[in-house]
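Given next, in structure tokens, is a single chain: the form predicted alone.
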Amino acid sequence: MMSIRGVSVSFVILAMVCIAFADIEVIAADPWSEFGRIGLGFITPSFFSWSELLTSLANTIAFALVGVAVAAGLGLLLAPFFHWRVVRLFCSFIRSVHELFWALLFLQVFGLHTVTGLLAIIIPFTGIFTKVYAEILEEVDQRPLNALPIKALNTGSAYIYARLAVAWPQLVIYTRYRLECGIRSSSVLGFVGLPTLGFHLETYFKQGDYSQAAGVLYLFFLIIASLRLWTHRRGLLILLLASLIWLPFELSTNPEIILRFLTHDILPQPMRDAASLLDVSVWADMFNWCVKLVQTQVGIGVWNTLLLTMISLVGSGIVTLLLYPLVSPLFFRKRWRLPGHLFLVVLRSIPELMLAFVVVVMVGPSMLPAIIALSLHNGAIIAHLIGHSTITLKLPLGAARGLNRYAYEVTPRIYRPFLAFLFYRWEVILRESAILGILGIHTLGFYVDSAFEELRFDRALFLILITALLNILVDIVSRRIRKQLRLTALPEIR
């Protein structure tokens, strides 16, 4: 039988072992000098052409709003059927592939078009929404549903009034949180060429123009920090309609290109060259093709992806435990919590890819930038949620203060929800670990990106499928650990 202490110690030891095998070398000749130039840029921000900046900002928000709205609608439709195995497997697969991988696939068909950006957000977000919505509907008060006659239990009215209406407040809270994630994803799509804020951020960092890059990041922080101010129900509907008008939907893709991509380009090379799939030699060649890829790319990519994931998972937990008091009313008064809140907003607002890219500029392409980015970003997210959840904690009269309060009164009480959040983030960290390979770190994403650059779409698809399978396996392990530790309650998102 698993215990919380045993699992915690095991994961820490495993992370320490992984560090021994990880490449965390600082490659840059003078990282502190580069850090100083970046710091100077951040205290002297500058903004390029306002029209271009606002256009990129509008694209970022529009992609996020439309993508999240469509995905949320599809998630609501699929959530009642999540108990069907085919729906669970479908959602598990589509959410296990990172938005950038989807974007790289659709780029080959639609090019740098609105459809590419929207599908890259809609597809994985639909899988995420379906899973979480189904869990929320399962965890809410079931008494209104149980009060209905048996013949009315499986009707649409029972779903709407006895389940959906009860869960609606939490569904809204979670959807707002996913919109924040959608804005981050939308901005990151700029790294593959789409006209969002990420495109300009990457360009300016590569050019060493850190003042301009700081201006883009500050604008991004402002959008995330003010999210609650402009996402009220009426204003959000107006923004959604404006986004549909703003985004160009004219599509001029040649159907022959789509057909060739689906029926030729993504097929493994032995199948493309075969005269007949009934020939035994074709399948022998297919086996050899797969074995060669596993030996030269998959094995190394999976190993490095898992190393990075395990180190970053424990790193995220450490960051969470260090930072959650900054926003907890049990440690600081409201006016002193404001700086902590802003600090966590900044950390969780920067997408892992952006943050890792900044660190790569300073120290070079190793696992170190990825570990720092994943730990800070995910740790800040969980610290924000855990810190705010302590509002409901009631400490006994005369409870200890300072470090003793932290170690003996509060942390033991929030440790179970902390682990629940951490294991919920495990598959997210794995997805991000894979995609960070496009920065030169030899995870699966490195080989996927290389395959696209070489126009070897069959290899790219095979590697993406391996990434999805790995993510599904980690999700299964995570769910089993949560079940064994009885961490089954869905953490409340605020």
Partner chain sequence: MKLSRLIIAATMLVAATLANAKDFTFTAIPDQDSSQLQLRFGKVAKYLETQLGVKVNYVPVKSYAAAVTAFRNDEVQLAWFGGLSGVQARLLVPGSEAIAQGYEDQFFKTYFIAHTSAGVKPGESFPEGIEGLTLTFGSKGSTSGRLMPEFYIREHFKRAPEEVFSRVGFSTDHSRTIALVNTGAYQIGVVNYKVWETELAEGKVDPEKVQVIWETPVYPDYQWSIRGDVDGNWGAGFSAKVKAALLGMNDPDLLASFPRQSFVEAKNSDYQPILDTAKSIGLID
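Residue numbers count along the first chain shown, from 1. Remember, predicted model here, so these are calculated numbers, not experimental data.
Note that the form predicted in complex with its partner chain isn't included here; everything after this is about it.
Chemist: Counting only non-hydrogen atoms, choose the one of 341-349, 76-84, 356-364, 313-321 that falls within 4.5 Å of its partner chain in the predicted complex.
Modeler: Stretch with heavy atoms near the partner: 356-364.
Chemist: Can you pick the one in 225, 290, 257, 94 that has a heavy atom within 4.5 Å of its partner chain in the predicted complex?
Modeler: Checking each option against its partner chain in the predicted complex, the one that comes within 4.5 Å is 257.
Chemist: Among 211, 231, 411, 108, which has any heavy atom within 4.5 Å of its partner chain in the predicted complex?
Modeler: Looking at 211, 231, 411, 108 one by one, just 108 meets the 4.5 Å heavy-atom criterion.
Chemist: Does any heavy atom of residue 265 come within 4.5 Å of a heavy atom of its partner chain in the predicted complex?
Modeler: It does: once its partner chain is placed as it appears in the predicted complex, residue 265 has a heavy atom within 4.5 Å of it.
Chemist: Is residue 59 a contact residue for its partner chain in the predicted complex, using a 4.5 Å heavy atom cut-off?
Modeler: The answer is yes: residue 59 has a heavy atom within 4.5 Å of its partner chain.
Chemist: Residue 246 near its partner chain in the predicted complex, any heavy atom under 4.5 Å?
Modeler: Yes, residue 246 lies within 4.5 Å of its partner chain in the predicted complex.
Chemist: Decide whether residue 114 counts as a contact residue for its partner chain in the predicted complex under a heavy atom distance cut-off of 4.5 Å.
Modeler: Yes, contact at 4.5 Å.
Chemist: Indicate whether the candidate residues 195, 205 and 453 are all in contact with its partner chain in the predicted complex, with contact defined as any heavy atom within 4.5 Å.
Modeler: Result yes, every residue of the spot touches its partner chain.
Chemist: Quick one: which residues from 282-298 get a non-hydrogen atom within 4.5 Å of its partner chain in the predicted complex?
Modeler: Stretch hits: zero.
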